[in-house]
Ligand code: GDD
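To begin, one chain is listed below as structure tokens, in the form predicted on its own.
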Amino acid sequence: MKAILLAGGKGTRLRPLTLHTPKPIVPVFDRAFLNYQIDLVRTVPEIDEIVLSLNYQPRRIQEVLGEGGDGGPRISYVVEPSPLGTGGAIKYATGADTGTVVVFNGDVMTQVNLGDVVRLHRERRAKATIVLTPVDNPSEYGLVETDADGNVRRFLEKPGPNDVTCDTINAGIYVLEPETFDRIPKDTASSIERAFFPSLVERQEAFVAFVYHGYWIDIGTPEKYLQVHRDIMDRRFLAEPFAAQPRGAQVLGRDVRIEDGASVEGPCYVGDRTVLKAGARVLPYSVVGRDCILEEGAVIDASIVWPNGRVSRDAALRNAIVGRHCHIGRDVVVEAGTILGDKSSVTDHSRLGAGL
């Protein structure tokens, strides 16, 4: 069995972070995001190949993720000649293979039992199985309506409050039979959600839903990117490096140097070889990547700092995200909602953020 991870997007909602770092390898703590999806796929022993469908900066992704190489399913890569949409990308990545495929949208982090999804697909002899997840505010999403037996019956695109008939949305995880892919146009951009799935409903083919009530998040926005780190630190999503840690843990990498007078308050993460000089403070829900320097009096508060950054004396970051190789000057204040791309430099005494 083959798994296809749709990882060709440009990550525009996460810009400027994704200008030099494709979304699939955006770091979540010290790991590329897509590694969390790969971990989940590896829980299904029948999957012997993971195909990454790429388009944007494919070489960077291949350099980071490699070919597997630890006894699990091998990782291979398919580069779209041009963006083909979800439907076109799946067909292109499947090639001539006629076996069952598992598909992940490239934004999703979840703890769904993938083996249970595959079992349901086979028990129902489905042409397609879609994972759905309930949401609190269904009018903000496109909804997927099912009948009492779990058959998919209708897709509703962001219905008005009076038209909401369910609370389940597409979770971006599918099990598909390629025998149905003849209706996806070859080498043409197409949407599996807007064209292929509705065709299954119209033809009354076996199209079933697996409703998942556990943890699920789309990390494609800065707000959700911050949230997934907090959820892992709070153990709402069990993943390394906090899965085996108690609540409120301070997770420190190798050779972290904390000078006298510096402090670290959990839950937080500090990467390898980072230096906290006297008076520097890492406050709860902060993530500081490897090889960073926090100078005297610097404060990192509920913020994410990617590797190789320098935060100068008496500077403060609050609910911000800072890319690689950034330099934050002395006495700078970076407030909530600020996102700095790689190699940004903020001059001394600057103020960044809404309302300043």
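Quick note: we count residues from 1 along the sequence shown, nothing fancier. What you are looking at is a predicted structure, and each value in this text was computed from that prediction instead of being measured.
Separately, the form predicted in complex with this ligand exists; it is not shown, and the next lines address it.
Residue contact with this ligand in the predicted complex: E80 places a heavy atom within 4.5 Å of it.
A residue is said to contact a partner when one of its heavy atoms sits within 4.5 Å of a partner heavy atom; V264 fails this definition for this ligand in the predicted complex, lying far away. Taking the partner from the other structure, this ligand in the predicted complex has a heavy atom within 4.5 Å of a heavy atom of T86. Proximity of V201 to this ligand in the predicted complex: non-hydrogen atoms within 4.5 Å are absent; the residue sits far from the partner. This chain is displayed without this ligand, yet in the predicted complex the stretch 54-62 from 38-46, 293-301, 318-326, 54-62 comes within 4.5 Å of it by heavy atoms.
Think of it this way: in the predicted complex, this ligand has a heavy atom of just one of F242, F237, Y174, Y285 within 4.5 Å, and the residue is Y174.
Residue-level contacts in the predicted complex: of Q227, T146, Q250, N105, one residue has a heavy atom within 4.5 Å of this ligand, and it is N105. Annotated contacts: F29, E259 and G309 are all free of this ligand in the predicted complex [non-hydrogen atom within 4.5 angstroms]. Contacts with this ligand in the predicted complex, taken as any heavy atom within 4.5 Å, map to no residue of 256-273.
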